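Coming up is one lone chain in structure tokens, specifically the form predicted alone.
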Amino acid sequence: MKTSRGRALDGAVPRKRIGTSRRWHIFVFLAPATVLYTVFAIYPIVETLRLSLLVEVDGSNVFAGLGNYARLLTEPFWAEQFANAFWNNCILFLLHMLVQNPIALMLAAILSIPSLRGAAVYRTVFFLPTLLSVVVVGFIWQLILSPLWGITPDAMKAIGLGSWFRPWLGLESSALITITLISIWQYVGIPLMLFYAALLNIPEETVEAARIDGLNGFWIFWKVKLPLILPTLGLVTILTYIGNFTVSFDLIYSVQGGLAGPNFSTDVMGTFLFRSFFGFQSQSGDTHMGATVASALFFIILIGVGTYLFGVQRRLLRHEG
């Protein structure tokens, strides 16, 4: 209700003023996060891309275009290390996809059974290794698998498998697989919880309708629940992809060192980037080549994420709709 002069009564505020006030509130609340993200994420990426286009000549930086990328892909010293690290990252990703995620999905399906007793205890046990420090995990597994003072040789002898023991972390053929299994043991709780939450969100009416149609047990999960959690499967896949190309460095460095031995058999993009940028032992660091390796890693992740967002996710959403 308004007077003849158009003034609002009863404390009413004009709509235009309300909309403007709300917009200012949005900027105020978003500003801290935007500033932090720009300073600690956007700016380092832009600066890394800039450094990758430069070379140092007589103490000054000179624009080199894509010359550093050509060196990374063609010079034997750089190309061999890059190809080896990229291939090892691909192996890590495939093993996590074929071992970790199916185990996580199976455990989530079991924990989502309403009649299961002690489900909360099992969830805690499975998720607890995720909370441990990577350095602690690496040191513990080094002790466990050590052929000199580890408990694995004696444990395998006790069950009659002593002849099967090998120094798995010291063999080129098994070091990467061993590191991957340690990583799976530590991080299986993350996809487990994502799958578990997705399964709990499935309406009980849908499951009851499947039972009425004659399905039970495994077939309810396979034909009803699994199609309904396909978006979560896609999310876990892309998180696994990003994680294996970015955060696999810390575990490998803590267990195998900066050289990712033996003979670079566990070398990944993260350890390759570390040696390229900072140097390690006999290898001197090169700021611009290190930035080039980091930029190449950025583009690899960008291609994978873009493929998921514009390919897989669209199909999943279309299927869900």
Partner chain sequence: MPWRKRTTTGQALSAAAIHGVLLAWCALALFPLYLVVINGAKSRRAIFNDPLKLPTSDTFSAKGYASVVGNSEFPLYFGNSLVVTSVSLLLILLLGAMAAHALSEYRFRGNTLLGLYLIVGIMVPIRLGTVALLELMVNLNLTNTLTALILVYTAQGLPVAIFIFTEFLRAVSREIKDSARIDGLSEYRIFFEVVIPLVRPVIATVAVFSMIPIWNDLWFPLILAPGQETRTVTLGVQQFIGQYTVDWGAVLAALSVAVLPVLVMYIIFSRHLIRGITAGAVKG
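All figures in this text were calculated on a predicted structure; none of them were measured in a lab. Numbering follows the first chain given and starts at 1. Rigid core (definition): largest C-alpha set, two forms, superposition within 1.5 Å.
Only in words, not in the display: the form predicted together with its partner chain, which the text now covers.
At a distance of at most 4.5 angstroms from its partner chain in the predicted bound form, none of the three residues W78, W168 and L228 contributes a non-hydrogen atom. Stretch 194 to 202 is the contacting one of 194 to 202, 80 to 88, 215 to 223, 159 to 167, since its residues have non-hydrogen atoms within 4.5 Å of its partner chain in the predicted bound form. Residue contact with its partner chain in the predicted bound form: L98 places no heavy atom within 4.5 Å of it. Although the partner is absent from this view, A64 stays clear of its partner chain in the predicted bound form, with no non-hydrogen atom inside 4.5 angstroms.
Contact annotation: L53 falls outside 4.5 Å of its partner chain in the predicted bound form, judged by heavy atom distances. Contact annotation: F310 falls outside 4.5 Å of its partner chain in the predicted bound form, judged by heavy atom distances. V135 is the sole member of V135, V207, L94, L73 with a non-hydrogen atom lying within 4.5 angstroms of its partner chain in the predicted bound form. Think of it this way: in the predicted bound form, its partner chain has a heavy atom of just one of T38, N263, S282, S60 within 4.5 Å, and the residue is T38.
Along 274 to 292, these residues reach a heavy atom to within 4.5 Å of its partner chain in the predicted bound form: F274, F277, F278, T287, G290, A291. Relative to the superposed core, V57 shifts its CA atom by less than 2 Å between this form and the one not shown.
When two forms of a protein are overlaid on their rigid core, residues whose CA moves 2 Å or more are considered shifted, and V28 is one of them between this form and the one not shown.
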